[in-house]
Ligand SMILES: Nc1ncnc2c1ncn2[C@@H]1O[C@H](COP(=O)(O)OP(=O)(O)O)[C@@H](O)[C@H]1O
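This document starts with one chain, in the form predicted alone, laid out as structure tokens.
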Amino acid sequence: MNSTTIELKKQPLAVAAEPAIIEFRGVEKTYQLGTQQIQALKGIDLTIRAGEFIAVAGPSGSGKSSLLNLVALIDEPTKGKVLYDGTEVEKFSDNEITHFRSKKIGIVFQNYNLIPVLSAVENVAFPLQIQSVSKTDSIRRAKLALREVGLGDYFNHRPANLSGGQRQRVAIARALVTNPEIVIADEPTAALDSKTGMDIIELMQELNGSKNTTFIFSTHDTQIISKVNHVIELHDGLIVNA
């Protein structure tokens, strides 16, 4: 590696003692683009433990998004095994995967993916209503989640009336409202200025500490990487440091 190699921070012993919730065993991911095959991940072995605060780092094309999509159960490996709580994902039915994803995984999208015609509280309540939680309870829980991310005064604001940082906070509240074990974010600060981006990462760090929620996000920002307790560094589809 060249001089830009990331200096890793050691995990706290308390985190290392937590149970493994995600395991990759010899995972490969290949995409078919026309007649060409692109191997995004090459034999990945990885263990992620409850309560970790993880950055997946590496240059564009290194496999960061592919890895996160596998963790989020949006995609499945071409070869190898992905295990959640010791169970192979390939043994889950489609309904089990949908249920698992909705209950245990929260996703924060780079472009927020908020519904423009809904208010902040309605956006956050939406995943709960999909789960058939009553409207009264879903709104109550959405307001609590928005207060946790510092938006207690913005319940009725629509996305167009919020700043980029505020929209990302709404997206984080939406990811947290179902009380997931894991929150996954693909470049969550890419659309934000450096100060707002750092504020968002520090917010995620606070929530990680208070809720013991595992946060896994991709980034190429070395300032943000300095905030995590575990870095997974990818290069050309391989883990070069973890």
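None of the values given here were measured: they were computed from a predicted structure. Numbering starts at 1 and follows the sequence shown.
We do not show the form predicted in complex with the ligand, though everything after this point is about it.
Contact with the ligand in the predicted complex, defined as any heavy atom within 4.5 Å, is confined among 44-52, 171-179, 28-36, 199-207 to 28-36. Using a 4.5 angstroms limit between non-hydrogen atoms, A40 touches the ligand in the predicted complex. Residue contact with the ligand in the predicted complex: T213 places no heavy atom within 4.5 Å of it.
Using a 4.5 angstroms limit between non-hydrogen atoms, S194 is distant from the ligand in the predicted complex. Contacts with the ligand in the predicted complex, taken as any heavy atom within 4.5 Å, map to no residue of 134-151.
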